[in-house]
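Let's start with one chain on its own, the form predicted alone, as structure tokens.
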């Protein structure tokens, strides 16, 4: 029986979302990733893709193929499949995860908000970088931009709200802080996160078989580049 915390709702007529909760937590994220991974091994007619987020996963499907194969309303049919998947979900807490080291540049050009973050928390810039790089971060999801990685959790000592005025252009590779989240801008775009460094490696290669260096469930450690 699906508990009351799990919600299933349509996203237009070609997708539905299964929501396991409404918080940033390891447990909910593991469920979202496991649910999306389930369909790699158990695709159904009309299945296109399953995309995990912080605490939910979205199934994208072709309604014409689903109706033809299952002889009924596409959303109802996929909802039934999703419920069965939730019921059979197995979370392997011991499942190995990848540890990815990201070399990080932190000069004035790459880290324009580092002085602000340091001043806000009454720390030196060196201390901000030390605190930031001394822990591993979980990749909870990719979104906002192709390959943009939402990671956490930032140490409370340097957690910093988004900028009041977003920048019109943030260079690709920029590493930002927003609250207790961190992330890497995979491509150049507008953005309002506090920039404290820049990846010294490519994290998004559009024409590659696996365009994003990072994927949900990975662990990331930032290493200051010389």
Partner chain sequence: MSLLIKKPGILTTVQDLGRYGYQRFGVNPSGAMDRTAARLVNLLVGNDETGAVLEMHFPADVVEFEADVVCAIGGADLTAEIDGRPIENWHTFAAHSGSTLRFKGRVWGSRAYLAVSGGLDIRPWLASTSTNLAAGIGGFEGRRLQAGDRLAINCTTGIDSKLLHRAVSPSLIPYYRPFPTVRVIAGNEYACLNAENRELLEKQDFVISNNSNRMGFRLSGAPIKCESLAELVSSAVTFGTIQLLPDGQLIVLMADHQTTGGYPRLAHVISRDLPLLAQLGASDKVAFHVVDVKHAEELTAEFEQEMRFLRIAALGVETRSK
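The shown structure was predicted, so the numbers you read here are calculated from the model rather than taken from an experiment. Numbering follows the first chain given and starts at 1.
There is another form of this protein, the form predicted in complex with the partner chain, and it is not shown here; the text below is about that form.
In the model of the complex, the partner chain stays beyond 4.5 Å of every heavy atom belonging to residue 169. The partner chain is not shown here, and in the model of the complex it never comes within 4.5 Å of any heavy atom of residue 46.
Contact between residue 75 and the partner chain in the model of the complex is found at the 4.5 Å heavy atom cutoff. Although the partner is absent here, residue 152 is not a contact residue: none of its heavy atoms lies within 4.5 angstroms of the partner chain in the model of the complex. The partner is absent here, but in the model of the complex a heavy atom of 40, alone among 201, 40, 26, 69, sits within 4.5 Å of the partner chain. The single contact residue among 191, 173, 52, 176, judged by any heavy atom lying within 4.5 Å of the partner chain in the model of the complex, is 52. Looking at 122 to 130, 139 to 147, 102 to 110, 81 to 89, the stretch with residues near the partner chain in the model of the complex, meaning non-hydrogen atoms within 4.5 angstroms, turns out to be 139 to 147. With contact defined as any non-hydrogen atom lying within 4.5 angstroms of the partner chain in the model of the complex, 187 is the only contacting residue in 172 to 187.
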